[in-house]
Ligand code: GLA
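Presented below, as structure tokens, is a lone chain in the form predicted alone.
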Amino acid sequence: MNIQSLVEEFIKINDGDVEDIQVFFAPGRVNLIGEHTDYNGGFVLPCSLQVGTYLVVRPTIETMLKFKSMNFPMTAEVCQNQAAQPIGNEWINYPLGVVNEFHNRKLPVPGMELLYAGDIPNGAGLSSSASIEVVTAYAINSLMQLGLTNFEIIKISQLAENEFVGMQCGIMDQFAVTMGKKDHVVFLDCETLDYELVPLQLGDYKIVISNTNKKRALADSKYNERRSQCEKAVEILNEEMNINNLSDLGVDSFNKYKTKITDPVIRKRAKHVVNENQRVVDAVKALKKGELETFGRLMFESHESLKNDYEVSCEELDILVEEAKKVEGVLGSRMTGGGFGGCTVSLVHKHQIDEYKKNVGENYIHYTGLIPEFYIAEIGDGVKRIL
């Protein structure tokens, strides 16, 4: 992203000069393993990317917040001191939700002109929503010198999505976007928010993100339905034990009590969460030991569980994973993100990446008629001011 061009576009749209203009950046994220464990109080292993959301902002003496985007045509102007209402399914709901959370905390919000620009592929499941939320909260905190901690920025951003947008996401996305570090993964306990930045040492292997280019509609019933099913499983199991969430269970404990869950669908949902949580722990151990083949095997196992037990995959994601298995030099592959479309993440030897793109791409087009996109994941830092 050319920052100077972005600033020039901001001036063209809003008039005036460059005085008082500031630029902030929040990355997207990809989760290497640990899917749908975050809102179950479990472990996740995401990393922040070098693509993300840029925000050019200038405080004003007016009472209005003026939202514009280089990626979407929808614009809005709202009074900075008045609670707003969601606007359909528009992108503006993410920053509006953040502003609403500042109001809920009785924290001041200045009049502002805001221009957003993102280079995260739309609908790819790489957390563009959390990126927008975090960059907005971080910018307001900086402009008003409120002294909010990164943990407060994370919580404000998550609540914006939960309460304003209506998406009952866990805390992983906002945490990774805020706390990520270049060439590291974030090993996060979503219950306690204890975390460790683990160096990502992949040697001759690269992380390749493959976009199905299938339109996703994750903020609808399916995601929230899965969360409700997990809560039901906890309710049933608490007739025999005392747990706060499914991730309080080890694999052995779950296998001992799983027959208490008589609904086979709810039992499968719980099975995925418990086993996926253990896979994250095992994956971190493998990563620290340099056992990349073990790490890759766990990725494949994760996808099978998401496909068969949690049922959040789709034909397009499954084809990408199955075709990846056929390519020499691929250690592991799995869907990443909420599911029902979006991307897979794969561990591919650097000398096999061209073959991976060619073979997987051609076969994917043959089976689906869709044209996939491939990205080499470059791991970057979390949210920051850049100008």
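Everything numeric in this text was worked out from a predicted model, so none of it was measured. A residue's number is simply how far along the shown sequence it sits, counting from 1.
Separately, the form predicted in complex with ligand GLA exists; it is not shown, and the next lines address it.
Report whether the minimum heavy atom distance between Gly296 and ligand GLA in the predicted complex is within 4.5 Å.
Judged by the heavy-atom cut-off of 4.5 Å, Gly296 is well away from ligand GLA in the predicted complex.
I'd like to check something about Cys169: if you look in the predicted complex, is any of its heavy atoms closer than or equal to 4.5 Å to a heavy atom of ligand GLA?
Yes.
With the partner left out of view, is Gly338 within 4.5 angstroms of ligand GLA in the predicted complex by any non-hydrogen atom?
Yes, Gly338 is a contact residue.
Taking any heavy atom pair closer than or equal to 4.5 Å as contact, tell me whether Tyr223 reaches ligand GLA in the predicted complex.
Result yes; Tyr223 sits at the interface with ligand GLA in the predicted complex.
Using a 4.5 Å heavy atom cut-off, which of 52-60, 322-330, 37-45, 355-363 contacts ligand GLA in the predicted complex?
Going through the listed ranges, the match is 37-45.
Quick one: which residues from 352-387 get a non-hydrogen atom within 4.5 Å of ligand GLA in the predicted complex?
Residues within 4.5 Å: none.
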